[in-house]
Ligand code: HEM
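Next comes just one chain, in structure tokens: the form predicted on its own.
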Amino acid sequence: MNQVHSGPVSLGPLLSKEGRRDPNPFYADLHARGPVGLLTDPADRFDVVVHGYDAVHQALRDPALHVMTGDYPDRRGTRRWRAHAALQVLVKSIFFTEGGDHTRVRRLFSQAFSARRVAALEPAIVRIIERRLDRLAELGTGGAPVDVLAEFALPVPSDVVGELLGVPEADRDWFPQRVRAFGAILDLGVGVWRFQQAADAAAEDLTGYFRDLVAARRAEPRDDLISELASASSNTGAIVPTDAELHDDELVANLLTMYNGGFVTTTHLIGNGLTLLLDRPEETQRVLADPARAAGFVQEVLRHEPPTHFSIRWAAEDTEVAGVPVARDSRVLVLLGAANRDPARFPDPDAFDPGRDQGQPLSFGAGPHYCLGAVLSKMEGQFALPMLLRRFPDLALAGEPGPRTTLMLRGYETLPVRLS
């Protein structure tokens, strides 16, 4: 039987310093109360929290629960988002659009992540990983500590998504600093506004870059996705696009967010997965002995330490989740990380067990906004981690990894290791 929380719930513990470092005790408390909670503290800035596995799955598929399109703050009389370049980019992307626009743009971009195109990338992924492993070997000569996050976990997926989209290799090292600045505003809490200026500057740089790249590919097409999409886009914003068309501002915004999202989550999948393997040498040996086991390991990393812990929705009309009424205009916090630790779905949820068979974690979401790059991200993790540890069997942390303090794009800032 579904339960509403027996008393008031606050996000204060989750957004505290301790809660950001380890949100799982807060999630366990939520699960003890029921799958959906009502938030009564105005400081929380949400009205409903959804955290049970089945409830989260339902909420992400409910057509009454929309992503935070630009219409939502406008309806509430808050228009300051329009003054910020980063927020304007997000609102134009498929991450923050609904209905026909979302379907049209997603259909065009989904060709980037078709099974055929992803499978064709496998040789390039292996080649990219091997090149980065060679670079690690150079930097770690003589036992020198090296930041495996900066030198491997970040550049590998950056190179892969660059290969997929058609971003020139020579340009890819330009992205990480700007991507970090852009992503900083996506976390929970009012404190993210202090990052807004840097995010806006990064958005302007990235927008300019992709606008120039689209123009170059339109003038001289190549065999890459940007060239294909550039041929389907229109410079005239006044024309209503057909199902096979994009406006240039849509194309640029989605290339920017696709590139950013396409490697940062995978960076943290690799970083989080590596620390879990290093803590479990017996699991490392199993993964190295049986390559097929890597798929189960990566799936359990995504459940146990997901790079994304939440999504946000608002109720465009009255609805209900797990039997709990959700009123029109309610702000809904959907806790993916909590759903992955729901003991009703995953027995002994705090245990790391790659042999689980209780179904998919919800780290990549569900429904119309399910992550387009999920298959590619998993493939990269399944190749990168075994290849890294096979090349450097004595790899060990060079110190305790720093704390993880974000809930969106959750991972380590640095991860120093010694290769031998």
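The structure presented is a predicted model; accordingly, all values stated were derived computationally and were not measured. Numbering starts at 1 and runs along the sequence shown.
Omitted from view is the form predicted in complex with this ligand, to which the following refers.
Contact with this ligand in the model of the complex, defined as a heavy atom within 4.5 Å, holds for exactly one of 388, 49, 376, 55, namely 376. This chain is drawn without this ligand; in the model of the complex, the residue among 311, 340, 272, 158 with a heavy atom within 4.5 Å of it is 311. Stretch 303-311 is the answer when you ask which of 303-311, 317-325, 206-214, 341-349 has residues with heavy atoms within 4.5 Å of this ligand in the model of the complex.
Contact check for residue 106: a non-hydrogen atom falls within 4.5 Å of this ligand in the model of the complex. A residue is said to contact a partner when one of its heavy atoms sits within 4.5 Å of a partner heavy atom; residue 392 fails this definition for this ligand in the model of the complex, lying far away. At the 4.5 Å threshold, heavy atoms of residue 63 stay clear of this ligand in the model of the complex, well away from it.
Although the partner is absent here, residue 369 is a contact residue: one of its heavy atoms lies within 4.5 angstroms of this ligand in the model of the complex. Shown here without this ligand, the chain has only 336 in 321-347 lying with a heavy atom within 4.5 Å of that partner in the model of the complex.
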